[in-house]
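A single chain comes next, written as structure tokens; it is the form predicted alone.
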């Protein structure tokens, strides 16, 4: 099933309510200004038909460049801020990039490109825009790789295939803990633009508490992030500044404790978790308040999406699938039947399916397999646990053992209290997990690192 290419994002901006805005910490840009002006000075026409790299430092300027160049550029490659700059030559070659949009000083990295264009939130009037002549290709970079990231080719039709809108009686203000230069954040940018909503973006180096205060000040109504994003937000007293009516989780396994915690924090909100990946697109959404997803989702086709489990790994065929990888490094994205292997491992329990971890993230304990996420889901059930990270530690006998770093909701005041909580967590694990999956040691830590993708930073 192939979806017809929708109108460019410029069409949606031209038809959006004039009182909608795009915000970051330092600036705001109104829809009315976007209709009449340009963030690219007098150089927009130079980018028509080119393969353009968006390499701005701020999310706001990235968003502005995307809005102006869809339909104008032949190809847009969106560079996340955490990409190893040493990989730029390979990325530029694979995507056939001949122009770049920046928002700072020109770098020698781009000296050989035909056009280097500056983007600014200080819009200037534009007399005439280049016509929308191209069904722009969108290239997103994968995460979680130690080498050159794979470059995933999408179309606007594919990226927006899962976006549907309900009638709203009040204005919508979207916010996201994601970076819009990754798949999850880009989905929120598209939802805001296509739905005529405002959008509040985070800024580099902005403390989570300050971001929450800004979200509250701008009246955020719809807010998305990974479970790790949400766990960190719930730890902040500034969480009281927001009262969204729609809460969305994706990007990691949404276990029952985080769903229950969000229900307690926002009792009047609609709370849902969605499955999506850069390669497979959006698979489905779950809105019943429960972890996992109904096994019935694997039967038949829903909204053009078909799913199956092969050797424990979820595979998806849908109009939202990426079409291919850019470049010539030989990776295959879609199998002979049109399915994308997501690499996410699924286990069926009764009439429900649960994600248990990544295919490449297994800990090997003397030949027995352990998914860290499966153990974390059990640890997180403990009422005093806020979040956890399970990881391997080398062992001369079994190759590895399982250990866990745990953040408590409030620190223990006495050593005996700490020991008691550890014993309770281990008892919980022993009651729910096979012996080889039970952590050998538990450490209490003040925080857990979260990667730029919003996911727990897992050690290689």
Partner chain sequence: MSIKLTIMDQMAQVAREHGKTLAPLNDDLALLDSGLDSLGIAVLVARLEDRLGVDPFTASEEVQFPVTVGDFVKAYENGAR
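Numbering follows the first chain given and starts at 1. Heads up, when I say rigid core I mean the largest set of C-alphas that superpose within 1.5 Å between the two forms. Keep in mind it's a predicted model, so treat the numbers as computed, not measured.
Note that the form predicted in complex with its partner chain isn't included here; everything after this is about it.
Q: Hey, of 356 to 364, 72 to 80, 232 to 240, 375 to 383, which bit sits against its partner chain in the predicted complex at 4.5 Å between non-hydrogen atoms?
A: That would be 232 to 240.
Q: Heavy atom to heavy atom, is residue 303 within 4.5 Å of its partner chain in the predicted complex?
A: The answer is no: residue 303 has no heavy atom within 4.5 Å of its partner chain.
Q: Tell me, yes or no, whether residue 43 is in contact with its partner chain in the predicted complex, where a contact means a heavy atom of each within 4.5 Å.
A: Close contact is absent here: in the predicted complex, residue 43 is far from its partner chain, nothing within 4.5 Å, heavy atoms only.
Q: Find out whether any non-hydrogen atom of residue 440 is located within 4.5 angstroms of its partner chain in the predicted complex, and reply yes or no.
A: Yes, contact at 4.5 Å.
Q: Examine residue 419 and determine whether its closest non-hydrogen atom to its partner chain in the predicted complex is within 4.5 angstroms.
A: Answer no; every heavy atom of residue 419 is more than 4.5 Å from its partner chain in the predicted complex.
Q: Can we say 261, 394 and 397 each have a non-hydrogen atom within 4.5 Å of its partner chain in the predicted complex?
A: Every residue of the spot touches its partner chain in the predicted complex.
Q: Within 4.5 Å, heavy atoms only, which of 251, 292, 257, 185 is in contact with its partner chain in the predicted complex?
A: The residue from 251, 292, 257, 185 that makes the contact is 257.
Q: Could you spot which one of 67, 33, 407, 401 gets a heavy atom to within 4.5 Å of its partner chain in the predicted complex?
A: Selected residue: 401.
Q: Can you name the residues of 410 to 436 that have a heavy atom within 4.5 Å of its partner chain in the predicted complex?
A: Result: 430, 435, 436.
Q: Relative to the superposed rigid core, does the CA atom of residue 367 travel 2 Å or more between this form and the one not shown?
A: The answer is yes, as the C-alpha of residue 367 shifts between this form and the one not shown by 2 Å or more after core alignment.
Q: If the two forms are fitted on the core, does residue 427 show a Cα displacement reaching 2 angstroms between this form and the one not shown?
A: The answer is yes, as the C-alpha of residue 427 shifts between this form and the one not shown by 2 Å or more after core alignment.
Q: Specify closer or farther for residue 429 and residue 257: how their Cα atoms are spaced in the predicted complex versus the shown form, given a shift of 3 angstroms or more.
A: Relative to this form, farther apart in the predicted complex.
Q: Would one find the Cα atoms of residue 350 and residue 368 closer or farther in the predicted complex than in this form, where their distance changes by 3 Å or more?
A: Compared with the form shown here, the C-alpha atoms of residue 350 and residue 368 sit farther apart in the predicted complex, by 3 Å or more.
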